[in-house]
Structure formats: structure tokens, C-alpha cells
Ligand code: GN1
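Taking the form predicted alone, here's one chain by itself in C-alpha cells.
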Amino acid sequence: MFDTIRIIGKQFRLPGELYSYDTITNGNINTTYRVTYRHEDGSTKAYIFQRVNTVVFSDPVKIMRNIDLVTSYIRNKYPNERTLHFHHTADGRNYVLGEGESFWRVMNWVDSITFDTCDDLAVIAATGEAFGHFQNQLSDFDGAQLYETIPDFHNTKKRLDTLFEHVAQDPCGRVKEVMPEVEYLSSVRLKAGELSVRYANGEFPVRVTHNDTKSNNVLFDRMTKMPIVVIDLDTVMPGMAMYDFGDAVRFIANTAAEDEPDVNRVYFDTAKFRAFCKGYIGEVGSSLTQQELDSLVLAAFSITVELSARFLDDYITGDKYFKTHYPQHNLVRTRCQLALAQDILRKKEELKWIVQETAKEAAVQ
């Protein structure tokens, strides 16, 4: 691997000599290394080398084009702010092909910390601020320039339609085990798919969206715990701003792990929701339409249902997509997300009130 990394680094014209590397285990898709180079004066500089998973991302060139457009735009518009910096080869590409057609990219290492889970409401608010700021940075970027690298990635209606097609086919004979889950999803099918239909009908603006707004996709300063930059731009595509919000609170405000087997431990934490709202709406609220603001809570419900449908669909078709660690892992994930969706629905009026009050506070600041 040392020789492979050295060859990749030369193609990206990195100064100095390769000194060391170590594997970063965070992340389930790409293979990531922290690589250090030593310069003639004895100083060192670290980089992130990533081998992109071309099974998950079948057209990584399009992904890197999207990333190049977005990061270049942010860098030019906000020259004094930290942005992700991907290195380029002599012929201007921000990727290289390695041995066996492996696909590599290199970016600067940022000394920072991340939070997989967090109970600190100040950090949660800062996470909302980071994703809101990212949305603002790209508010006047022409999203039509971007490839839709995963078509219909957050098309909840289509995800549910696919699930019920597979329920009817029952390819693995598992549907009989999951009838309560199927019946619940059937009962909320129209509500969960509503925003996707309205977006397709042009009722919401097309935004540049991140599409993986987990708290661990924000880098924070180690000392101040303030956000530095949003990372993991592989799924940056045109989409609905509300779904970035909804996916973030689905992850952050869940009191349990995504695969918690005891659904009695799963509920939606309104204090964490309020904290994220404060950061996110405080940053981006003035640029969202009233329809978008009014749809934030429904988006949280919809995307939670969408994920549960994806887990259930994978279970009844033989566990081919999500990595599982035991036979009913996807079913456990399904039940956890459904419990969370049900709690969001129970609390929807309180959550809507929080959004409204936060938007009013942001407007007078």
C-alpha cells in the first residue's frame, strides 16, 4: 500500500516525501487514509487519500465533477472561509485511476473532531448552523449544473412504491414475518410521499442539497467546538432543502441507535430538535420559502418513513444493499425507524410550534 499511495501522491504533485500513513476507520463506503509528507525543512503536512467505492458509486467521475463545481464556487464566493480542498493532477483532474482501475482522490487534512452522537445542545445547534450555512453558501448556485448521481435518492413516494412491488412479489418468503410493518407503512404511504409529489409538481424550489446530513459529517474545532466545514459531498445533488433538515434531525434527535432492538427506548427528543432548529433556521431561515418552513416537520417524518421502507425492502429481498451483522438486522432497523416516525407524528404539533417560534426569533435578530 505504501507504494500505491506514493504513486497516487506523485500524480497529485504533492510536495515532499511520503513519510507515513494510517487507515481511518470512520465511514462504511470508501477506504480512507491519513497520509503524511515530510518536507526538506523537516516540517510535515497531512492529507486525506480516499479510494472511492465504485460499486456504490458507479460513476465517480460525475461525483467528482459535482464536488469540483461546488467547492470551487464556495471558495470563490467566500475566500476567507475554510472549504474542502481537493487536489488536482497536472491535466486538471481531481481524481486519478490507480492499480486495477481503482479510483482515488486527495484532499487536505483538517485537524478537527467529529461527533457520531451528541447530547450537548450547543454542539447540536452548531451542527444545524453548519448545514444551514452550507445551504446558504449555495443558495444562488445553479443546481442544474450538477449530475443527479443517485437518481430518486430521496424520492419517498418511489421508495414506497418499490417496497410494495416487492411485498407483492415476496421473493424470499419473508413478507409473512413483517405484516404489521407493511400495514403501518401502507397506512402512512400517502402522507409520507406527499412532499415528493409536491416537489415533482414544482411547488418547492430546487436546492443544492447535501443528502447525508449526519452530525459526523461536520468537522468541529477541537477547542471551541465550533463548526469548521461540512464534509462528505459525494451525494451533493439537486433536491429539497427540507429533506436535508429532516434527515439531520432524524439522526440527531433519535434517543437510540439506528438499530436499537428495544423500540421502547426509541423516541424523538424535542430538546435536541429545538437546538438543531435554532442553528439551522437561524442561519438559513430567511432564504427558505414559507412553504419550505411549514414542511420541515413533515420532512422529518417522511424521510424517517423512507429509511424504514428501504430497510424493510432490503430485508424482504434478501439483505443485498445494507451491511448486516445478523439475520434480522434490517428488520430491527425497520422497527426502530418506524417507532421514531410514529413518535414524530405524535409530537408534530409541538414540533411545528418550535419551528414557528424559532423562525420568528431568527427574523427579529
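Numbers follow the displayed sequence, beginning with 1. Rigid core here is just the name for the largest C-alpha set that superposes within 1.5 Å across the two forms. Not measured: the values here are computed from a predicted model.
Only in words, not in the display: the form predicted in complex with the named molecule, which the text now covers.
- With the named molecule omitted here, the record of contacts in the predicted bound form names 314-322 of 64-72, 314-322, 293-301, 38-46, defined by a heavy atom within 4.5 Å.
- Interface residue among Y78, F164, W109, F153, judged by heavy atoms within 4.5 Å of the named molecule in the predicted bound form: F153.
- Of the residues Q135, T235, T83, S215, just one reaches the named molecule in the predicted bound form with a heavy atom at 4.5 Å or closer; this is T235.
- Not displayed here, the named molecule is approached by L307 to within 4.5 Å at the level of heavy atoms in the predicted bound form.
- Although the partner is absent here, E194 sits far enough away that none of its heavy atoms falls within 4.5 Å of the named molecule in the predicted bound form.
- Interface residue remark: E177 is not counted as part of the site for the named molecule in the predicted bound form, having no heavy atom within 4.5 Å.
- Within 4.5 Å of some heavy atom of the named molecule in the predicted bound form lies at least one heavy atom of F57.
- Taken together, C118, E260 and K272 are entirely out of contact with the named molecule in the predicted bound form: none brings a heavy atom within 4.5 Å.
- Core-superposed comparison between this form and the one not shown: CA of R105 displaced by 2 Å or more.
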